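Same chain, two forms, each on its own as structure tokens: structure 1, then structure 2.
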Structure 1
Amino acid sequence: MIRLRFGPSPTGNLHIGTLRTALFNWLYTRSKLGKFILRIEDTDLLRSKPEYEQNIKEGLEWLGLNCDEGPEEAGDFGPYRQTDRIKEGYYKRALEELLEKKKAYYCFCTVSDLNGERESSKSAGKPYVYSRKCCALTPEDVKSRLSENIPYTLRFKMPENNSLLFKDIIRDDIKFDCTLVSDFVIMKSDGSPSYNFACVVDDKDMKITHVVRGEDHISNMPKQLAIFEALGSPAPEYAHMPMILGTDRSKLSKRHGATSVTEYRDQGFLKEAFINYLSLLGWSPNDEQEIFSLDEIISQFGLDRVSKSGAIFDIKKLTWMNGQYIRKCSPEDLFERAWPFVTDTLKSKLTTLYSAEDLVKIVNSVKDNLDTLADVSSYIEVYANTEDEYLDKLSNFEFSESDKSVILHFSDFLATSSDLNKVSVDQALDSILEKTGLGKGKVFRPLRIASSAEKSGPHVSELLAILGKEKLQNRLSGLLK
């Protein structure tokens, strides 16, 4: 069974790029009936914050990317938060193993020592590689410095073999020159493990079979592969996905408005549309279908059709797709999703004016206008106008004799009808067209204006039916005086 992990670090909100990584991991596990594991990589003690972890979980939860194992789920390979794993000694044991095998060593270099080394490499025009100064320390040197309480880190001793080749699922062969890789820090001076080390120890312990992550991690491969080897464990398979780019084609960051995914939720994007759009960013199915149910995406998804080049996130296409999903909603479903986006004042006005049943109709009547759910208020506002507001707006319009005759005809219809609905109103409109011989524009337009004091809005028959007999009679009779 395949086991994939998503390892966000809670040093910021969950943004599109990270989420897309999570999504592809999730889709792959669902398509192969494997396990999706959430691992919180919070070894950056300074920048990690609980609220970011919360935001990440909220984003995943919104989209339904549920994990099989994680900090809050049962699992045989826990704990799933790296700070908890520190407490339980997972890294310490691995560190001791490497020290024992002479594959790691104490380093007492200070930050300024290291900066000095870097400076001189730079001025000499050479690539910087750590000098291995501390690798030469004798056990006695180490012991005495430790006894003096000099701060230290632990470094991994990179193997001497100079080149490395690995097969990436998406990119095929990738090779590196290992002599260019420093003996890197695996334990920081505060005792916490560094990323490249913790990540490998966990992938090993959690029996991860596939690592699907951003291509910004490709350059970590020599380090991570070397650790796996030193620990005597086979490495998982790797798939490095293309990046999601800002509109200037650089790595997505806060300056591009790389907002938390929860903001897309709050802006009224449907989770189905969001997942559908994101799945097509860097992956494509083998036909030209674009709108997919989740099951369809899962059944067609595969790492073999992930593209290699970076992609710009296009909010316009997402918006279009969102509209497609909105239009597919049933009236009841749309109401449930859109109502929370209605402003409070509008909500209270509408609930006093209309029945629950009519509220569903109101929202449904503007379905074709919505790009996002957040648009709903501006379109349904017309239903909530008070008589004063209506009269105020009406003063912008004038009615011709022909308009008045249309209005009169409709008033006659109102007088004889008890219950207005779309069908009965449509019939009445048809008969007015027939009786007056006027064109549609000459009939519908004056009625729209007379009833709502707006020149555009929901379909006229829906608008009239929902406004209702009483309000219409009141408004139209005022006009005909």
Structure 2
Amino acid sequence: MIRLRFGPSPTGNLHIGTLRTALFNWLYTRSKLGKFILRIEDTDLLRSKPEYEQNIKEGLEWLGLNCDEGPEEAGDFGPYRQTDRIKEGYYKRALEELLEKKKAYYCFCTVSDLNGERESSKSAGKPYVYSRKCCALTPEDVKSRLSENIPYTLRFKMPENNSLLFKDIIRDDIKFDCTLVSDFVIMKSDGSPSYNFACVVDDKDMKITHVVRGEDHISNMPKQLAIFEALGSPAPEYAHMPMILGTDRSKLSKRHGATSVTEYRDQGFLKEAFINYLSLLGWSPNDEQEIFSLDEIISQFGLDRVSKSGAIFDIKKLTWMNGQYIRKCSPEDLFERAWPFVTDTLKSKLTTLYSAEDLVKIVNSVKDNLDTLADVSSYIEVYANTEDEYLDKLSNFEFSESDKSVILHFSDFLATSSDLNKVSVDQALDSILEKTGLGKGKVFRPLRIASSAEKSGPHVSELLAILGKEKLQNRLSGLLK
């Protein structure tokens, strides 16, 4: 069984790039009936915050990216938070193993010492590689310095290989010049493990079979593969995804719409649309289809169809797709999703004027107008206008003789109608179109304005049916006078 992990650092809110990583890991495990593991990588003790971890969890929960194992789920390979793993000695035991194998060593170099080395390399026009001078310390030297409480780190001793070749699932063969890789710190001066070290120890202990992550991690490969080898453990298979770029092909930033994932939720994006759009950022389905159910995405998803080139995040395309999903909602589903976005003042007015059944119809009548659920208030407030507000807006419009003829025809229909609903209104509109020989625009527009004092808004037949016979007769008769 394949096992994949999503390892966010709670040093900020969950953003598009990190979420896309989580989604691709989740989709791959679901497509292969594997396990999806959430691991909180919080070894950055100064920047990690509980509120950021909560935001990450909220984003995953909103989209339904459920974990099989994690900090709050059962699992045989926990704990799943790195600070807890520090307390339980997982990294300490691995460090002791590397020290015993002479694959790691104590380093007592100060910041000043290291800066001096870097300056020397810069002056010589060479890339900086740590001098390894602490690797030459005898056990007695190390013991003496430890007894004096001299601050230290622990460094991993890179093997003498000149080059490293590994096969990436997405990018095929990738080669590194290992002579440029320094012996790197695996335990920091505060006693916490470095990212590359903790990541490998956890992947080994949690039996991770595949690592799917962004291409910015490719540079970590020589270090991580060397640690796996030193610990005598086979490495997982790796797949490095393309970066997400803005529409100008620069690094994704807030000006491109990159914001906390939960903010998209709060702006009225549907989770289905969000997952659908995000899944297409770097992955290509089997054909030109763009709108997919989650089951369809899972059934087609594979790492073999993930692109090597950067994926473009376009907020306009996401918004368009969101509108498509809104239009697929049933009236009841749309009401349940959109009603929380209606302002409290408007809710109060509408619930006073209309029945629960009509409130569902009101929200559904603007379905075709909505790009996000947050747009709903601006479109349905027409139903809450008082007569004074209606008359004030109506004063901005003039009606031609043709307009008045259409209004008169509809007034005649109202006079004989006993049951006003969308079906009967549609029939009346068809009859007016036939009698007058006018196009839809010249029939629908005057009726919309005459009934609501708005040039656009809800579907016209639903608008007329919901406003009701009494209100329409009062408004239209007053206008015809």
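Only a predicted model underlies this, so the values are computations on that prediction, with no experimental measurement involved. If you superpose the two forms and keep the largest set of C-alpha atoms that fall within 1.5 Å, you have the rigid core. Every residue number counts along structure 1's sequence, beginning with 1.
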Which of these two, 1 or 2, is the form predicted alone? 2
After the core is overlaid between structures 1 and 2, has the C-alpha of Gly246 moved by 2 angstroms or more? yes
Answer yes if the CA of Asp412 moves 2 Å or more between structures 1 and 2 after aligning the rigid core, and no otherwise. yes
Degrees turned by the smaller rigid body between structures 1 and 2, as judged from C-alpha superposition: 14
Core-referenced Cα shift (Å), Gly441, between structures 1 and 2: 5.3
Supposing the core is put in the same place in both forms, how far has the CA of Gln473 shifted between structures 1 and 2, in Å? 3.8
